[in-house]
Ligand SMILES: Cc1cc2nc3c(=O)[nH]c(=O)nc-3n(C[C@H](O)[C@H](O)[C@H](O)COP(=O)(O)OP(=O)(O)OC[C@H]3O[C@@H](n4cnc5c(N)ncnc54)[C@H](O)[C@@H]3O)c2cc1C
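Presented below, as structure tokens, is a lone chain in the form predicted on its own.
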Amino acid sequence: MIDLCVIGAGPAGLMAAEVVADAGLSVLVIDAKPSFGRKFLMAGKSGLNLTKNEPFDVFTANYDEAEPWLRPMLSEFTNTDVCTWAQSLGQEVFTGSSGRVFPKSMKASPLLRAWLLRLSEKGVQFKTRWRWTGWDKTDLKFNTPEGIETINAKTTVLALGGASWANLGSDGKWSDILSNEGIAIHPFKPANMGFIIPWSHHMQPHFGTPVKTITLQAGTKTIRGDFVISAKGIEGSAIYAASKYIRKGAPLVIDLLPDHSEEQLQSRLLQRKTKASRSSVLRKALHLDPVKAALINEFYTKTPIQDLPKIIKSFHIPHNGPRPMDEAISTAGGIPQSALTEGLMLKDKPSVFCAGEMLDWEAPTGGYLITGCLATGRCAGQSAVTYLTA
């Protein structure tokens, strides 16, 4: 019998595996895909953002309503600890201008390779192409290339991810298994996603263009940053940061020129040439770049010129809801805090612990997601050790 079976080989699962292996206990890590950490590797394709370099209280505030739940775990594995951990795997890190922390290689693959090697040297065993299908009495049951297999483990850590990027392994199918066991699961919702806008053909030249230096407001959330015009709508860091509030129905309001007051813009209008065209007013008098001018023309073509400063400072973008969940960077929903002990053990399944995006917490991009997964994985691993050695 093995001491711990980890199902799901992303950051949360691998962190749990390492904690238990460090306690001298036997560990088996299983994943349904042919290789490990596929979503982690995808995250690193555009630069692996490990965490955020900012004061701890500021950092944890980004978890919003989940902060009271996650804060004890994050205090045991902080944003600073993430940097130390990466460096222990031979990956030097640096902090970008926005405070985001990246490995100098900017990739996930060197870190993941080093981590898997270290786990192997600690005696951790691995299996791929094994899909968990539930329990056979007390044994874990899997569909494998060789047929149905079972594993008898003293403890289990489930780290199967959320319900986005199904082709990378996070398909959310585990929710049916747990629901059939009587465990409450909150419905999945897209998080850190773009929103659908059926653009007119006039916007096509701007697809892929960033809208820079704006302030976006949705509900109580205000973000200064950039977003991107895509063929499907709008996306990018500022949109992702506000996506939860927009998803819940808050209007999306953008200040296209946050460094200029409405009065300053009105003053510029007064100085324009009397016969200046609308396009000239947008470009020369109001100093809008082509993509911001295009947005004005897309939604406010008939707005009188004298009203444009107010529109620019409070630009409402209508949308048709979020992009499909499988396109989202992450998901909300999953296993609620009420179904778990403080040590992340399922109350209705003693010896079974859960971690990572399976849990019903939500955080913006910027390093908060990976840090949260690592911290909850570490907590689940420590709790498994306590259970095994009690």
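Position 1 is the first residue in the sequence shown; the rest follow in order. Computed from a predicted model, the values in this text were never measured in an experiment.
Beyond what is shown, the protein has a form predicted together with the named molecule; the following relates to that form.
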| property | result |
| --- | --- |
| All of M42, N49 and L168 within 4.5 Å of the named molecule in the predicted complex, heavy atom check | yes |
| G334 within 4.5 Å of the named molecule in the predicted complex, heavy atoms | no |
| Any non-hydrogen atom of F195 within 4.5 angstroms of the named molecule in the predicted complex | no |
| In the predicted complex, G10 touching the named molecule (heavy atom, 4.5 Å) | yes |
| Close approach of A66 to the named molecule in the predicted complex, 4.5 Å, heavy atom | no |
| Options 317-325, 66-74, 334-342, 355-363; stretch whose heavy atom lies within 4.5 Å of the named molecule in the predicted complex | 355-363 |
| Partner-contacting position among K154, R268, R131, H186 - heavy atom within 4.5 Å of the named molecule in the predicted complex | R131 |
